[in-house]
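Shown below, as structure tokens, is a lone chain in the form predicted alone; questions about how it binds or moves come after it.
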């Protein structure tokens, strides 16, 4: 008897389970996509390389409030995140912007009249990653698998598979909710991505990927007593931009700054700079936290400092699925709306979920299943 000829368009994989959709990455975009797909009656599995959700939403707790080491703000003009925090009943407060800003340069720091650096924005009182924790809690138990870095995504005409940790999941669609440059660096795609898409992914900068964020925690927000907003621009470094990141009513009291990947960031350099700008009290924080996103292997691939073309954000090629229409993009870099913001990640996640639901159930638009 002649054996049947294998179908090259089908995916062979040692299957652990079968679901409708596999989502790579448990950040804001991936988790919103998961919630909206699950609410629409589809089975979903989220694979996250880290042992936590959130991705670039990362917070630590101080005095029962959050100190953000990644994404921090959201703005009144961003409807998705504002609606979501209300729906999920997430505690927020307004960014402190009252007071004067500082300009740090030689021969001495200068006090500016007012604060031209900040605009009204919102903050997550318990930390930005409280948003992704709340989204994950909406999903059925076992939906999110941590410590599960994806090795390979294989796509055929009628199905796809995702390999991780020596096993795999068969599915109908895959959502890649990690930075495109990381995806093409860490994941093997079979068949290969179209050349135009692969080149675009490899050239797209990772938002915050080469940034270091520094948080200095104090007993009280002394700068406010002096009529300062806590904001500053520095031409001397190591931090180039500084803001007040205190909690509600100034507690915990925190100043934070952004530093480029080339900065030499020692605690002494940080405290000396803050003291030069805000006075001697700023030189004695109770704690200094340094979060270098370039060293986060599940955020930033090697060589990301050379990716500088931010015009790739929201590119038209990210708006449509590839590989038989089964591979979708859902990181903030892929969104034409608010790219680089949490709002951008949510918009990308919703776009992917809507496309998949339209494909699997064309009648979905008649139902409101938004998380």
Ligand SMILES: Cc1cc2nc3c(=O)[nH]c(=O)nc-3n(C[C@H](O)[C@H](O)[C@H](O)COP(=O)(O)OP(=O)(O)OC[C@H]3O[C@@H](n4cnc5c(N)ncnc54)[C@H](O)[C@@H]3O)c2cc1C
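Residue numbers count along the first chain shown, from 1. These numbers come from a predicted model, not from an experiment.
There is another form of this protein, the form predicted in complex with the ligand, and it is not shown here; the text below is about that form.
Any idea which of 270 to 278, 82 to 90, 236 to 244, 172 to 180 reaches within 4.5 Å of the ligand in the model of the complex, heavy atoms considered? Only one stretch passes the 4.5 Å heavy-atom test: 172 to 180.
Go through 340, 336, 40, 321 and name the one with a heavy atom inside 4.5 Å of the ligand in the model of the complex. The option sitting close enough to the partner is 340.
To verify the annotation, which of these, 103, 222, 298, 189, has a non-hydrogen atom within 4.5 Å of the ligand in the model of the complex? For this set of options, the contacting one is 298.
Give a yes or no on whether every one of 66, 133 and 140 sits within 4.5 angstroms of the ligand in the model of the complex by heavy atom. No, none of the three is in contact.
May I ask you to check whether residue 304 falls inside a 4.5 Å heavy atom distance of the ligand in the model of the complex? Looking in the model of the complex, residue contacts with the ligand do not include residue 304, since no heavy atom lies within 4.5 Å.
Using a 4.5 Å heavy atom cut-off, state whether residue 213 contacts the ligand in the model of the complex. Yes, residue 213 is a contact residue.
At the 4.5 Å heavy atom threshold, is residue 57 in contact with the ligand in the model of the complex? Yes.
Using heavy atoms and a 4.5 Å limit, would one call residue 35 a contact residue for the ligand in the model of the complex? Looking in the model of the complex, residue contacts with the ligand do not include residue 35, since no heavy atom lies within 4.5 Å.
Stretch 303 to 327 - residues with a heavy atom within 4.5 Å of the ligand in the model of the complex: Counting only heavy atoms within 4.5 Å of the ligand in the model of the complex, no residue of 303 to 327 makes contact.
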